[in-house]
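Presented below, as structure tokens, is a lone chain in the form predicted on its own.
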């Protein structure tokens, strides 16, 4: 086990979620934008309409700057934060999908090369060659998403991989195809909002209104398809995930679902009214507001996907606290819950202070804090004002002392969204002693 990264008030898991949710905006925009660009550039070439190239150059400049600067930085941020927050989970993903990641990076290099080539060859190469460069970029970006989606889907629905350990059994999991279809529709919708923003910066006239109207139509079609794919996706979720969402076991999950649906409806109305029906009303400022609405919907959707995976970080294989949940014979991996309950979690915490390993009464709570962080800290904060705060949770459950908390720790595995307490009796006693200090005075 690795040292724990504690983030006061927020939790390390929320840091990853915040970076990842924002990263989706530039990454999905970069993936979807060039399909629309290829369509407009095809019209410019086939209909001999050079005036459309002014839009294309503005459109591609923002993709180059925003998606490949901000998007790349947030991509690195995801890797860094995930590595320090859940190092064992990242290790598991890399060991199983190292060639998947390597293949994705090849396509990402294609994206980087072709976006620069596309932008800096405007007017310098034959128009049809220029369009082919854009299509290579669009294909490379989408293929990057094709691979990433398999790994994300595996974390949510590992399916037969639990028995076989096969790369493809995990990759082509039950949520892979609906999630890929849904994300593809989403990338077109995001690109359509962006196209309206860019087109609204052009001079008023035929070109401006034509592009806005086409972008609105593309966006409406994408959202209509996305609604169907989202239904497919929700139906494909593992049974335990459906229970968490639809049986109100974790009420915020249903709220996130409603926020995501509300954002999609708001953007659909925007496409209809300000895109298709009255493109004259479209303006950059309102388009930016719609992009922020999309960002809220993305955050809610990603929160839903992450939340309904509980208690696992890799479905049916590794709990959120990075304890291996079960034996995986195909990979010669042993489950760790029973081992830790017999031999202790601290037997694997090499950094645990030696003077605390005997759990002296005068430092019992100090030892318990380290164990509590490893068992609970990815999802809960230890302070009263944080995310899912343990002090408030303990008070709401009516737990008043270390003894009642110890009994509660024994029952954790009975909750469908909580992993079992993976530690021995001495460690449970120390953890209960620490958690008892968190109960607000007077509760």
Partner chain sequence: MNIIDVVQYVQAMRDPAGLPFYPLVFQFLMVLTFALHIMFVNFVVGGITLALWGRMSGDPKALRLSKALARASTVNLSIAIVLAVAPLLFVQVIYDPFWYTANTMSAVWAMAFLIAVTAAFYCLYLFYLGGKKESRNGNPFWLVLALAAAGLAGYIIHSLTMEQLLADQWQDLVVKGLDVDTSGTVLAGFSLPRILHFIIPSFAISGIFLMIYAWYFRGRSDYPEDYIDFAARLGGWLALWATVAQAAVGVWWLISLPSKFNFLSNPFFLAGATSGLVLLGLLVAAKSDPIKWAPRAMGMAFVTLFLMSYAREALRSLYAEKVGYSIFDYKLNVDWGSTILFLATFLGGLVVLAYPAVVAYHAGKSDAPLTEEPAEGLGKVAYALTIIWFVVVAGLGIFISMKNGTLF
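Positions refer to the first chain, counted from 1. Small disclaimer: the values here were computed from a predicted structure and weren't measured.
What comes next is about the form predicted in complex with the partner chain, which is not displayed.
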Legend entry - Non-hydrogen atom within 4.5 Å of the partner chain in the predicted bound form for each of 11, 233 and 286: no
Inset, instruction - Please determine, with the chain shown alone, which of 272 to 280, 331 to 339, 221 to 229, 286 to 294 has non-hydrogen atoms within 4.5 Å of the partner chain in the predicted bound form. - result: 331 to 339
Legend entry - Among the candidates 250, 259, 146, 217, the residue which, in the predicted bound form, approaches the partner chain to within 4.5 Å (heavy atoms): 146
Inset, instruction - Let me know the one among 397, 54, 411, 69 whose heavy atoms come within 4.5 Å of the partner chain in the predicted bound form, would you? - result: 69
Inset, instruction - Find out whether any non-hydrogen atom of residue 192 is located within 4.5 angstroms of the partner chain in the predicted bound form, and reply yes or no. - result: no
Inset, instruction - Considering only heavy atoms, tell me if residue 242 and the partner chain come within 4.5 Å of each other in the predicted bound form. - result: no
Legend entry - residue 17, heavy atom within 4.5 angstroms of the partner chain in the predicted bound form: no
Inset, instruction - Consider residue 213 of the chain shown here, and say whether it contacts the partner chain in the predicted bound form, taking contact as heavy atoms within 4.5 Å. - result: no
Legend entry - Sequence-ordered residues of 56 to 90 touching the partner chain in the predicted bound form, heavy atom within 4.5 Å: 61, 65, 66, 68, 69, 70, 72, 73, 76, 77, 79, 80, 81, 83, 84, 87, 88, 90
